[in-house]
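What follows is a single chain, given as C-alpha cells, in the form predicted alone.
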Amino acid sequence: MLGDHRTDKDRQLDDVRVDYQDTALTTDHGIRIDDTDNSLRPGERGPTLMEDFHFREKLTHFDHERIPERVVHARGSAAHGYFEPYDAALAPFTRAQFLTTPGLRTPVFVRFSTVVGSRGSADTVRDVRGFAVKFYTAQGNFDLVGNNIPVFFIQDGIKFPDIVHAAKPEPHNEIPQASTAHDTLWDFVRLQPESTHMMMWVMSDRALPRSYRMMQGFGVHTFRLVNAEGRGTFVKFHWKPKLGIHSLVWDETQKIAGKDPDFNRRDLWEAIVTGNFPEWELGVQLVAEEDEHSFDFDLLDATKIIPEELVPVQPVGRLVLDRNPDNFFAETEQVAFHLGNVVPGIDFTNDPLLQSRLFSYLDTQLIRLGGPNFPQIPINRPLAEVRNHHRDGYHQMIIPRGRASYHPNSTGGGCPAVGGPDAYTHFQERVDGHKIRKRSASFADHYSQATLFWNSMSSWERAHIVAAFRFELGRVVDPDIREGVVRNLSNVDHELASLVAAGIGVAPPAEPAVPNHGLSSPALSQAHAPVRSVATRKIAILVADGADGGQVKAVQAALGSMGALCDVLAPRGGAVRDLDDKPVPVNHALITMASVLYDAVLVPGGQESARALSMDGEAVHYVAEAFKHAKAIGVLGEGALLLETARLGPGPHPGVVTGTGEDVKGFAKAFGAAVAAHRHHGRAMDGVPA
C-alpha cells in the first residue's frame, strides 16, 4: 500500500498540537490561575512570598526556555512537504522504497540555514547555506544533510573544529558576526590549501542566494546505493530548484541585512502562505563500483565534485514544500538531523569527512536537546514503528511494558526480534591496512578543480569573485596572511591572483605557480543556467499623484497573470490620485520598503506623477540602486523622466524596458522576460557603474 504518509505525519503531530483559543489559564500541573499580573505579597507594598507557586513556576520556566543553539547552522528556516519519485529508475540500484516507488509521496521536513552566524544573525550574509532534508519513510527516517555548495573546506573531519573556530568571530572580541572577512579564517585558508576549491565557491555569487527557493542543494559526500543483491553503486545527490539558480549581489546583500535581516526566511514563509510552493528536482550521479578509480580525483574527497560532463545528473524525483511549521521552536529549532539516519538501500563510503560527521551529528544533539531521547521529540519521530531496548534517560516520553529490556531474552518472547526481509544490512567490503595517520596521495591535488571552477565562470561572475576576495582580504589586518592567500590563488590562476593582489596592496606573483589547465565545466556557471519565469518575482511599481491609473491596473493584471507579485509604492501610504482623480491603492510608502527588497522596478506614465517622483530622493534612489544591482527596470510614457533624473547614462541599457503606454500587454511581456532573466550584468560592460 502506498498510503498518504503526509497525512500520517500530520496526524502524528496532531497528537501534540495545542490550540489555546477559548481556554482558561493554568499552571503546568493543570491548576486554574486567577491572576498572572501580580505576585503574591502581604499588603500592596509587601515582599513577594515564596509560597506563590505560580510566580515560581512562571519565572523558572522562563529562565530555562533557551537551549544551546547549534554551533554551526544556528540560523535556520524550515518547512514541511513531500518527496515523490518520477518512476522506478533507481530500482536496480537501491532497496530504498521512497526512491523507487512511483506515486509514493514521502513526507519531509526541510531546514535551510546559514553556517557561521549565530541564531540572531542576518539571512543575507556571504556564507554557505545548509540544505537538510528529513524523509519520514516507511522504512525509517533518512536524513540527507547537505549544503548549497557541492564541496567542503576540509577533507578529514578531524579538522572540523579548526575550520569552525577559524571562521567564527575571533575569540578575543567576538567580532565579526556572521562574516569570514577577518584574519583567523584567512590564516587557516592560506595554511590549509585543501580549502581553496571551497573558497572559490564561497567568494562566488553562490554564497549570496536570492532565495532558498532559487538555490541548489548537494549531498556533498559520495554515498553508496545498495540493491537487493547487495551490489553497491556510488552516488552523489543533487537538488535543482524549479525556479532556477539565482543570486543577489554583494552591495545588495549588505543593505538587505539592515533593511530586512529575515529576508530569506520571510521569502520562504510567504511563498508557502500564498500557495507558491517551492519545488526542487532530485538528481543523482551514479558511478559503478568498478569505476571508482577512473577519475583524476578521489570519489572519497569531499573537496571535489564529479563534473556533470563526466557523469550526467539523472533526475529521479521532486521535492515540494507546502506547509509552514506551526511553531518555530518545537519544529525548526528542535529538529535533529543526523547522517547516520539511513534506510535499507543507502549506505556510507569511507569518505573521512563523512565518517566524522556520523559521530559528530549524533553527539551534538545530546547536549543541545538534553539527552538520548531526542528522537522522541515529535518533529524527530519516525512514522515507522520504533521498538528497541533503549531505556530511561532524561525526557523519556514512552512507557515500555513488560520485563525484557535486553537481547536475547525469553521473558519477552525474544522480542523485539532482529532480522527480517526489511532489516538494514551494511554493504560488505574488504577493508584492511596499517593503522596510520596519513591521507591517500589521491587527496593531494588541491587546485585543479578550483581552476576548473574559475575557468567555468562568465566574465561578470569572475569580476564578482575578484571583488569578493578583495573585500574579504581587505579586512584582514596581517599582511602576511593576505600575501599567503595570493600565493595560494596563484596555484589556481595567475590572472586571478594578480587581480586580487592589485586590490589589497600585495605584490602580484611574478609568474604562474602552475599553468592553467584550460578545462571548464559549463554546468558550474549560473550564467549558463536556463532562464525560468517571472513567477513569484517581486516588482515595485512607483507612483505619485497624477499617475496613469489605467496603466497601473493594466500592468498589474498582466504581470500578475504571469505569477509576478506587484506592490504599488508611493511617497505616502494609503492611496494616491490618478489622472482622473480616482484613488490608486498604495501597498507601501517608499520609505518603508527599500529597492533591495524587490526584483525589479516599474515606473508608469503620468506627467504629474513622474515630475513628483523625480523630485523625491527616495524614488530617484530606487531606480538608481535597482540599476546598479543589474535589475530589470520598466518605464511607460512620461515615467522616463525619473530615469533621466537618476542619471543612468546613455542607453539603451540591457534589462531596461520602455514603452509608450499604448501597448501595455506587449510591454508587460517584454518586461516580464527581463525580470525572468533575473539580472543584467552586461551593463557593467557598457561603461555604466554596476
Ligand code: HDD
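Residue positions are given as counts along the sequence shown, with the first one as 1. What you see is a predicted model; the values in this text were computed from it and never measured.
FYI, the form predicted together with the named molecule isn't displayed, but the following is about it.
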| property | result |
| --- | --- |
| Interface membership of residue 221, the named molecule in the model of the complex, 4.5 Å heavy atom rule | yes |
| Residue 212, heavy atom within 4.5 angstroms of the named molecule in the model of the complex | no |
| Any non-hydrogen atom of residue 137 within 4.5 angstroms of the named molecule in the model of the complex | no |
| Contact flag, residue 152 vs the named molecule in the model of the complex, heavy atom cut 4.5 Å | yes |
| Single option in 94, 113, 449, 204 placed near the named molecule in the model of the complex, where near means a heavy atom within 4.5 Å | 113 |
| Residue among 551, 380, 124, 147 with a heavy atom within 4.5 Å of the named molecule in the model of the complex | 147 |
| Which of 152-160, 517-525, 272-280, 321-329 lines the interface with the named molecule in the model of the complex (heavy atom within 4.5 Å) | 152-160 |
| Stretch 43-72 - residues with a heavy atom within 4.5 Å of the named molecule in the model of the complex | 70, 71, 72 |
